[in-house]
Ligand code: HEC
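The chain below stands alone and is given as structure tokens, in the form predicted alone.
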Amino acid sequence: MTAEHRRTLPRFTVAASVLAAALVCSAAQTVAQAPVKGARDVTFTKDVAPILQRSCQGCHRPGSVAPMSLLTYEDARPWAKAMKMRTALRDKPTVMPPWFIEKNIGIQQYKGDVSLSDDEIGAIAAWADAGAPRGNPADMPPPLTFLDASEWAIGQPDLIVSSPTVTVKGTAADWWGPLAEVQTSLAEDRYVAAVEMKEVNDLDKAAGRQTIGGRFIVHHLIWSAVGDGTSRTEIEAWPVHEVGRNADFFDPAAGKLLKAGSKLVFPSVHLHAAGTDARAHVDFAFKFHPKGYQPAKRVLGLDLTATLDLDIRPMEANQKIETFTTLDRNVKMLVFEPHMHAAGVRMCLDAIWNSMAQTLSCAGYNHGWVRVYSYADDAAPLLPKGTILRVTGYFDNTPANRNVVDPRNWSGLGHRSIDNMMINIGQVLVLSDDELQQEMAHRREVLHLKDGQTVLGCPLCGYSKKPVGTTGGPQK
């Protein structure tokens, strides 16, 4: 792993240790079905179609990243049993929709949550068990309108910059390395409100493999924007391009600076074969704040990585690895983004403040569906200086994990999908002492907290003043 890949907040220290024997449920486990409320029969038009529209059709439609369409009854009917099985897996690595946050632990409020409730999972199961009835056509909700492939979720971009074009043979081995720099041709400094990335390739989506790996050749692309005369050590973290990643909208008070005369640099791209020869590039679309905008806060990267300490033994499940860091400033955590490779099946993020340890987020992991979990505004962790963060990764290097090509092999750090990584790719809003107090006062008001009442992800939110006997935290 290169220094650019680590993208850690300045002066954060990371130490890792390897532990064993963690209980991780296999995706093959049987999950009990939730009962469906109400006595009426479940039908596609009345019950299932609204679920598919909210949580499935964004990917399962012609030209998108998923292999089959679920837009109509005719599309969905052949997949009824598979839908029952996959949705019942809940947070396991092969669940559908691919939202892996565990619902029995940690923060549960996230932006763009497409997960299903127990009632919705039960409705799909009952529909499949009943023979997948269509129902009354009059109950069918109006079809959704989706963005065309040429349109952008951020709106009309103010600037589009393309990476260099790469070529990958249909049966080539994975390739990992840097790409050439490209100029933005930006004439003046501008602050970025949102960025969106898309792979553009010449693969025949209809004739190729009907999987994500057969529709794209860029697994991920790490990039940064470098201003004229800016040294590489001053590069700020930008979101990593990954297959299926949504657009990134930055905090309105913390726009990212794109400098005049800047260029995009690509220190690390991971390419894989798609079954046929292909050419591709990635388009980077930027939406700017109005001229004259000045950020009041700053968003920085906070990656917690145990990459150099990976020791994934062959033919063994339930392998656990931990990494730690101590915050040297106050932060508001914006995202939880597990990044592992094929053997990874789960990741958890904990915050330790004095004698209080809280699990902030736990999620299953599937190397084929990388997810970014953005905390809801009033649930994002508010952590004072001195908080210890712990990331725990879980690995299954056995035949039960279908993502692993050959579980007889040991694996550690490497530049192939069959090697491994363990990173929580974090983003944090840096807060002054006064800003932390303001954020916590707002949280107390919104959540109606009483004095001394704790809340998940904010160890000091229940106090208008720092409690006696604690260490670290807001500076005096």
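Source: prediction; values computed, not measured. If you superpose the two forms and keep the largest set of C-alpha atoms that fall within 1.5 Å, you have the rigid core. All residue numbers refer to positions in the sequence shown, first residue = 1.
Not pictured, yet referred to below: the form predicted in complex with the ligand.
Taking 4.5 angstroms as the cut-off for heavy atoms, does Met83 touch the ligand in the predicted complex? Taking the distances in the predicted complex, the answer for Met83 is yes, it comes within 4.5 Å of the ligand.
Contact label in the predicted complex: Trp152 to the ligand, heavy atom within 4.5 Å: The answer is no: Trp152 has no heavy atom within 4.5 Å of the ligand.
Taking heavy atoms only, is Ser55 within 4.5 angstroms of the ligand in the predicted complex? Contact check for Ser55: yes, within 4.5 Å of the ligand in the predicted complex.
4.5 Å heavy atom contact, Phe250 and the ligand in the predicted complex: Looking in the predicted complex, residue contacts with the ligand do not include Phe250, since no heavy atom lies within 4.5 Å.
The ligand in the predicted complex: contacting segment from 374 to 382, 156 to 164, 97 to 105, 195 to 203, heavy atom within 4.5 Å: Correct option: 97 to 105.
Between the options Tyr73, Trp79, Tyr191, Trp175, which residue brings a heavy atom to within 4.5 Å of the ligand in the predicted complex? Among Tyr73, Trp79, Tyr191, Trp175, a heavy atom within 4.5 Å of the ligand in the predicted complex occurs only for Trp79.
Given that the ligand is left out here, which of Leu116, Leu389, Leu221, Ala128 has a heavy atom within 4.5 Å of it in the predicted complex? When the ligand is considered in the predicted complex, the option within 4.5 Å is Leu116.
If you apply a 4.5 angstroms heavy atom cut-off, which residues in 57 to 74 are near the ligand in the predicted complex? Cys59, His60, Val65, Ala66, Pro67, Met68, Leu70 sit within 4.5 Å of the partner.
Large Cα shift (2 Å or above) at Gly244 between the shown form and the other one, core-fitted: Yes; Gly244 is a residue whose C-alpha shifts (by 2 Å or more) between the shown form and the other one when the cores are overlaid.
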